[in-house]
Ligand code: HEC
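Take a look at this one chain, the form predicted alone, written out in C-alpha cells.
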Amino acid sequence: MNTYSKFKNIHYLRFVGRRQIVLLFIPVLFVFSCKKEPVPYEYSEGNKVVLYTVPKGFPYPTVPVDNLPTKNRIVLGKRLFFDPVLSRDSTISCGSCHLEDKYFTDNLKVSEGIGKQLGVRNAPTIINVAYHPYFFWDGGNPTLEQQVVGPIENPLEMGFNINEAVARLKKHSDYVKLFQEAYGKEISPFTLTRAIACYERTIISGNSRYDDYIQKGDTSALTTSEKNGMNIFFGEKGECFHCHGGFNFTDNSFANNGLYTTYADSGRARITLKASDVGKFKTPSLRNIDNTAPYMHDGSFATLVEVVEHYNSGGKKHPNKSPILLPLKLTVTQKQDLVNFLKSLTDK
C-alpha cells in the first residue's frame, strides 16, 4: 500500500539565501499502514514530503523515489554542504567552491582544495543542477547523488574517503540524530550523498529580466540592445540557441567548441576513450552567466566579451570541432548587443 496516499493541507516552507529564494510546498499527508502502526519517523513533521516550487516555464525536476525531498533532509543536506568536516583536514567544504554570494561558483579559473592544491577544471555553478542528466565537465557521473562522492574523494579537492567521512560523522552525536530524523537510517554513504543532493535540488534559478520579458510579457524588461542581442542569439546570425536552448539555456550535450588545436584535458574522451570525443565538454547553462566568470572548462576566458569574440571568430581548427561553429562576422555593435543579452539572464 502506498503510505503517502492523499493530501490534506498545504503549508509553505521558505529557504532564503543571499540571492536565491526557494519556496517549498509542504503537503500534510495522511499516513496509513496495512499491518501495523506507523513508526514515529513517519509521523515526524519534518519528514512530510515537500514539492519544489519551480519558476514559470520550467518543468518539474526528476527526483529519485528513494530521495524524495523533506524538510529534515534538505536542512541536513545544507549543513553538510557547508561543513568542512567532509574534507580530510577539515578545511574545505562543498560550499568552498560553490559560494552563495557568487552564484554558487568561486570565480576562480580552477578551485583550491586541501593543502592549497589547485584543481584542473573550473568549478561550474550548481544552480539548476536538479535538471542535469549527468555531472562534471566530462559527464562522468550519471546522478546528483553519485556526483557527491567525486569532490569528497578527489585528492585535489577534499581528499577524503567516503567511508572515512561517514566514520567521522558518526562521532558527532548531532549528526547521528539528524540522519536518523531525515532518513530513519544511520549515517552511510547512501544517506550522506542523498542528503547533500536533496539540498542541491533546492537551488533553482529562473527569475531574470529575460524571464519577465518572455514569461510575463513585460516588454520593458529588456533594453533595445538586449532585444537585438536576443534576436542574434536565437536567430541565424548567432546560432547560439542550437547548444544553449531551452528553459535552462543548455541542450546538455557534449561539444568541442574549437577552444584549442591541442587539448591538455581530453574532456569527454576521458570517459568514453574515443578519439572522436577529445576536446568535448558538457554545454553549460547560460543562466546567471554574467556572475559566474571565468568561463570554459579551464576558466581560460575572463569576460563575456572574450567568450563572444571566440565564437565570433569560429574557434580554432580541430578535427572534433562542432560543424555549426563558423565565423559569425558580427559587428562591434552586434557583439555588444549579444553580451548585453547574456547579462539579462541574471536572476534578480
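These numbers were taken from a predicted model, which means no experiment stands behind them. So that there is no doubt, residue numbering starts at 1 and follows the sequence shown.
As for the form predicted together with ligand HEC, it is not shown, yet the points below apply to it.
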Task: Among 212 to 220, 145 to 153, 170 to 178, 68 to 76, the region lying within 4.5 Å of ligand HEC in the predicted bound form by heavy atom distance - done: 145 to 153
Task: Contact flag, Ile289 vs ligand HEC in the predicted bound form, heavy atom cut 4.5 Å - done: yes
- [ ] May I ask you to state whether Pro84 is within 4.5 Å of ligand HEC in the predicted bound form, using heavy atom distances?
- [x] no
TODO: Although ligand HEC is absent from this view, report whether Tyr311 comes within 4.5 Å of it in the predicted bound form, heavy atoms only.
DONE: yes
Open item on the list: When the contact criterion is heavy atoms within 4.5 Å, does Phe233 count as touching ligand HEC in the predicted bound form?
Closed with: yes
Open item on the list: Taking ligand HEC in the predicted bound form, would Phe58, Ile203 and Lys227 all count as contacting it (heavy atom within 4.5 Å)?
Closed with: no
- [ ] Could you spot which one of Ala165, Ile187, Ile196, Ala182 gets a heavy atom to within 4.5 Å of ligand HEC in the predicted bound form?
- [x] Ile196
- [ ] Check each of Ile271, Val278, Leu99, Leu259 and return the one that places a heavy atom within 4.5 angstroms of ligand HEC in the predicted bound form.
- [x] Leu259
Open item on the list: Using a 4.5 Å heavy atom cutoff, which residues in 330 to 348 contact ligand HEC in the predicted bound form? It's fine if the answer is none.
Closed with: Leu338, Leu342
